[in-house]
Each structure stands twice: as structure tokens, then as C-alpha cells.
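Quick heads-up: the C-alpha cells below are two forms of one chain, split into structure 1 and structure 2.
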Structure 1
Amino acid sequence: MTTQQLTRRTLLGATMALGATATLPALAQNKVVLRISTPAGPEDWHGKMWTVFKESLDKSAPGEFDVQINLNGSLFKQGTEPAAMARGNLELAAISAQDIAKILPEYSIFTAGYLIRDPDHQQKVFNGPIGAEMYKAVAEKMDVQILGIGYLGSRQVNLREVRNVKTPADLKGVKLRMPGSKEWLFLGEALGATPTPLAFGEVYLGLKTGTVDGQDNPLPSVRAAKFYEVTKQIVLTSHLTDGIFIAISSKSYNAMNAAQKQKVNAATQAAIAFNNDNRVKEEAQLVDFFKKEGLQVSTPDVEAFRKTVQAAYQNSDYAKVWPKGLVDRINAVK
């Protein structure tokens, strides 16, 4: 081989190597970047569900998506995600009905007590015509697409002393700790109690000293905060079935092709199923846990509570911004 041939081959090899290297950033750039922001921690089910989302996409669309999970509000603070998605600074987040209601007041209907009965009812409402209508409004006014809703837990009444609680009338005079906003205090009053605002960090001492007679939270929160140490009863009122909406920036979603959208939707449903199954299972196990800790666990006349609370909301200012007939339509979903 002559010196000229060797030089030509060397240059050709170098050119090919440079060309191969140049394709690497191009391949990376071709991936659909999905940045996720959540206030949840790594041990929370709605923190873990994003790993399920990522794994589902990695399996169904290997190399197509770059899913970046940011926990503990490390990317955006809770409540700021919708604006970030509308600006195109964020692709995915889990947002609350309270977040949406700031822009669409009619979403306050989903913060009302006894509207959504249980996790199954929640899925049926939002996976049907009602969900389609409400999600369309979000897309039109917020530049955000809602892909589904995950279950956050059912709030129950937790009392210092045992009471025979069958109807809201049996909670008369009970100082029930509620979060400090007017919406939460309204719910406490609708339940028949005397709502008492108190910071979450002060609830344990408040229950111990009698500053409050009870508090309401999902059962996992009761265990985590050890409220069972200073209370004697849990009344399974299930007065608020809480949920969180999985949402994606319209800009990002609309840039995807049909196949990519289908894969993202499937990954969302896998994540929601994981979250919901584990939350429901945990709540069921906690009833036995509290009984073993010596608490009485009772079930009231939930229908009596539902009728009383819904009547309170229907006669309130909140209901004035709700779409006509929507409460009846939600109640009719079986």
C-alpha cells in the first residue's frame, strides 16, 4: 500500500467515524423528552407510579422517549405546574381539581363532599362522557391535556372519644379539625361538625389536649402521623374521594404522532392502575391495623351523610358555577 493510499484510507476512516459520532446527538434529539414534575416523594404511590409510566414507555417504545422524573417538587412547586405546561416549560404533571378550579371555577364541583363515591366511581365518571366534556374544557382554556385520574384516598373522620355516629346530626358540637381554607371549613360544617382550623403539624397535640375532638384524613395519613395514638375511633364516612389528574402539555402531546400518543395513553393507564390498586389495598389493610391498635372502627349511614352534605353544597355559592345538571349526572353514574 502506497503512502497516498494509506492517507486516503485514514481520511476516509476518520470521516466515517466523525459521521457516526455526529449521529449520536441527532438520535438523542429525536427522542420525545417528557419532563415530569411531582410533589410526591419516592415512597408515595403517586411518586412510584411515574416509574411504572417510564418503564411502560421503555418497553412499548424503546428509544423513542426520554422520560425524566423529578420528585419532591424539585422541578416546579406544587400548584405551579399547569402554568409551566401551558408555557411549554414542562411536559407532564399530576394536578389537583383545586389547581384547575383556579382557571375553571366549575372544577370546584370535584372538591365537594360525597360527589365521587369511591375509586371505581371516580374512574367511571372520568372515563365516560362527563370526563370527556370536562377534559375538553381544560384543553381549550389551559393548553393542557388530561390523560386520566389517579386515586389519592378517601377521607374519614377520626375521633378522640367513641361516639355513636350514624348521621351528621351525631357530629353536632364536635370540634373537627379541618385545613384552614374556606372550602375545607365548609365541608366540615356540611358534615354536621364544628369545623376548627388547625395546621397539620399541630393536630397531634390538639387531639391529645382536647383542643379539637377529631380530625379528617385518609387512613394512610392517620397512620403516618400517628393520630391513632391519641384517638379512639375511626368513622368510615368516606366523605371525600380525592383524586389527582395526570396531565400533559398540549404543545407536547399535539407534536406526537398517533402511535406515540397511544403509547403515552397506555403508559398513563398502567401508572394509574398501579397507584390505585396499591392505595386501595393499603386502605383495606389499615382498618385491621387500627383495630389491632385498639381503635373502634365503625361505619355510619353513609347515604344519610351523602344527602345532607350534597344538599349543603347545592344551596351554596359554590354550586352557582357548576354546569347545570352535572351533580345529577355524576350521581347517576353506576
Structure 2
Amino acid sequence: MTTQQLTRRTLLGATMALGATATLPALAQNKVVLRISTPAGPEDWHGKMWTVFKESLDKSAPGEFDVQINLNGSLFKQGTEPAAMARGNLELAAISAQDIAKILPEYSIFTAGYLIRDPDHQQKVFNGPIGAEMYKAVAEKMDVQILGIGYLGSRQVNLREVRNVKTPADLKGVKLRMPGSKEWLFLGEALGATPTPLAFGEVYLGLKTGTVDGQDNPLPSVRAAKFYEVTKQIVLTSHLTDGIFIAISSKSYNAMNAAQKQKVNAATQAAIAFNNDNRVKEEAQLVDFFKKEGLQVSTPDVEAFRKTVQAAYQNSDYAKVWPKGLVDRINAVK
């Protein structure tokens, strides 16, 4: 073997070895990391939907994405996700209209009780021109892209002790737990109660120990978080058709190529469909379940609640910044 041959062989060997060691970490490094943070628990549909999201990407783009699901607010506290996304510490979250309204005040229109009628109306409003306009504003002001809206459910009042609740006046003095922002607290006040801020993860204990007299959430969440174990009544106020916006940080989204974006969008739609189908189906069955669990399920004078809550919003400072004509446009979506 000549010196030249030896050198070539050595070089080749070295290149191959380097190639082998360089390729593996490079592949891992090149994965698009998607850290997800949500207050949802593993038993709730919008917690489980992230597994659907992950599985969809594992199938459509094997090895391309590293999806990390963090449930129960374990990575970021409820409501702090938009700030974490803006700082580049988080890629994906399911955020509420109340979270967005803190930064984009006109979004408070979607925090108003008795505006969005039902899941179908919700999808039509947000998947049409109104959604496109509002999502554009979010992208411009918050550096996050909204990829779609999932149905959280119709929020109901859930009490520790049985009470005769027909109108908002009957909730006077009731310490009603609400998520901890002024947009949420306003809803509790509009319902006639005394709103008390508490993070979702602390509600079970708050109800058990009596720190609060009640809470409001859609029935599937009352089931998944087991609030029915520590409460005696559900009052079917149906005061807010609630939704969660699936949001991704613009930095992360813009760094993807077109094919990756398309796959992330498809995975989001699969997750939303899974959540919505299961939630709608379960929501219709849960009154029976709670009755069997020994809870009293009562129907109040919903029109009285509607009138009071709508008036509270219309006369509030929130309404002053709502885009002109938007309430009518939302109502006109059929």
C-alpha cells in the first residue's frame, strides 16, 4: 500500500466515521421541536387531543417533529402561555379569548356571555371572514398564529350546596371561582355572583374545602376534573359557548417550510375534530351521568340570565372597543 493509498483510506475512514457520528445528532437537532403547554388534564378531550396531534405528525412526517405535550399547566401556568410564546419559550398552546383580550382589547367581544350560540355557530364564525380578520390582528400584535378553534363547551354554574337559582339575583353573595383575569371575573359578576380568582388546577381543592361556593365550566370538564365529587348542584345557565384557540408562535411557524406548515395544520384539524366530536357527544350525555352521581341538575330562567349578562357587557367598557358592527355580523352568521 502506497502512502498515498494509505492516506486516502485513512481519510475515507475518518470521513465515514465523522459522517456516521455527525448524521445522528444532526438529525435529532434538525427536528422541529414543538413544546405544548395546556392546563387541561389527561382525562379531558382537549388534553387527549394533543396525542392525536402528535400521532398525526408522526404519521405524516416521521422523525421530523419532536412534539412534547405538557398537561395540567405543568410547563406554564394557565394564562401565561401567550407571553411564553412571545419570549420563544413555548411553541404551541390552547389559549382563551380572555388571554388574547389582555393584549388585544377588541377580542373581549368573544368573552361576552350569550353571544356565540353553539359549536356550529362557533366554527362558522371563526372559520369565516370574522375569524380571518381577528386571527390576522392576533398575528400582527401577539406574534402567534391561530391555527383553529376547538369547542370547550357551554359553561354551566356548578355549586357546592344546593340553592334555588332562577335568576342572577339568586347568585348574590355566591363565591364563584373564575379563572384569574379581569375578563373572566367580569363574567362572574355579570352572572350576579361574587367572582373569586383561582387557577384551574386549584379548583377541586377550593370546592372541597369551601374556599369557594362554586365554579363554572362546561360539563365535560366538570366530569374530567371530577368536580362532581365535591359539588351538589349544576345550574344549566349555558352562559358562554366557550372555545380554545390553538396557537403557535410565529417564530416557530415561520421557520417551517410549506410542507411542514401544511402537516402541522392538518394535525391541528385532526386534533380539533377529535376534541369537538367527543365533547359535543359527551356534553349531551352528562346530565344523566351527574344525576346518577347524586347531583341536582336544575334549569334556571335562562332568558333572565341572558338579558342581565348581555346588558352587563353592552354597557361595559369592553364594548366600547369592539369593532363597529361586529356583534351584528356575529349574530348574522347562520
Ligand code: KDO
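Each form is matched to the other, and the largest set of C-alpha atoms that superpose within 1.5 Å is called the rigid core. Remember, predicted model here, so these are calculated numbers, not experimental data. By convention here, residues take numbers in order along the sequence of structure 1, the first being 1.
Structure 1 is taken from the form predicted alone, while structure 2 is not.
Relative to the superposed core, residue 39 undergoes a Cα shift smaller than 2 Å between structures 1 and 2. After superposition on the rigid core, the Cα of residue 292 moves by 2 Å or more between structures 1 and 2.
Put the two forms on the same core and the Cα of residue 105 is off by less than 2 Å between structures 1 and 2. The shift recorded for the CA atom of residue 315 between structures 1 and 2 is 3.8 Å, with superposition on the rigid core.
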